[in-house]
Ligand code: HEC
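Next up is one chain by itself, shown in structure tokens, the form predicted alone.
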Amino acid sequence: MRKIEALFAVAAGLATVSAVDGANAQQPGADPALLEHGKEIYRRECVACHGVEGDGAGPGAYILSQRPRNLQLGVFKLRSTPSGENPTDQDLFEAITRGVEGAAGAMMPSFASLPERDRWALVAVVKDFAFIEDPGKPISVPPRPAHADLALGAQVYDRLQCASCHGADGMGDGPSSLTLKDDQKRRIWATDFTDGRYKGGAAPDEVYTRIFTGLDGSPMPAYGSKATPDELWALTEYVLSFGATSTDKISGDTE
């Protein structure tokens, strides 16, 4: 028990490491040696949570109130691709690099401290577990409008019934929040927007992407076909406004 506790203490410490700019990462070419190297890194860094077989049933998984993903299912929340499609390799690399912020009850740390090649090797392992041969194609995120239309964002938030899970004030305490379960029928929590952390990153285009693509495997649906790009950007700005500080409020249109 003490060894597992120590392991999670190290993981928590790693979570504070700042993620590198994943967009600048250079992916190595396909190489069987890279996969074998990744398996070594996986055994050292990931087995405690995700298990030897990648099924999310590692020896320390029971400690977490939100269980690790079963990688064998091939279903990933953090993607730049449409719902139902495989993530890109870059998506997996960035998730490994930065960890999973804003995940209530989860403990997926940042692995930015690992050498870049090691993180790409872990991508190869994840793809192997998930039987991913053809990565999906990322969505195109339109330019961010010069002004945040928060009034429109509030209307879209209401129309799409975001408050049912995330609450009227974005605190993750909506009326449905106590009954949410993932695709494996396990308890899951709605993100509290007010703490300024968001799964997949807090940059505006990253939040837009999460809203557009949804979080596969969770109750968070994809809204890309349910609103126009302008409406999605307004909703993005409205969601971000919940986490803005009193000295850093998003300035938006109110008419």
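A residue's number is simply how far along the shown sequence it sits, counting from 1. Only a predicted model underlies this, so the values are computations on that prediction, with no experimental measurement involved.
Heads up, the form predicted together with the ligand isn't pictured, but that's what we're talking about next.
For the options 229, 59, 196, 219, the residue carrying a heavy atom within 4.5 angstroms of the ligand in the model of the complex is 219. Contact between residue 54 and the ligand in the model of the complex is not found at the 4.5 Å heavy atom cutoff. At a distance threshold of 4.5 angstroms between non-hydrogen atoms, residue 165 is in contact with the ligand in the model of the complex. The shortest heavy atom separation between residue 132 and the ligand in the model of the complex exceeds 4.5 Å.
Within this chain, residue 150 is remote from the site of the ligand in the model of the complex, having no heavy atom within 4.5 Å. Along 46-74, these residues reach a heavy atom to within 4.5 Å of the ligand in the model of the complex: 46, 49, 50, 64, 66, 67, 68, 69, 71.
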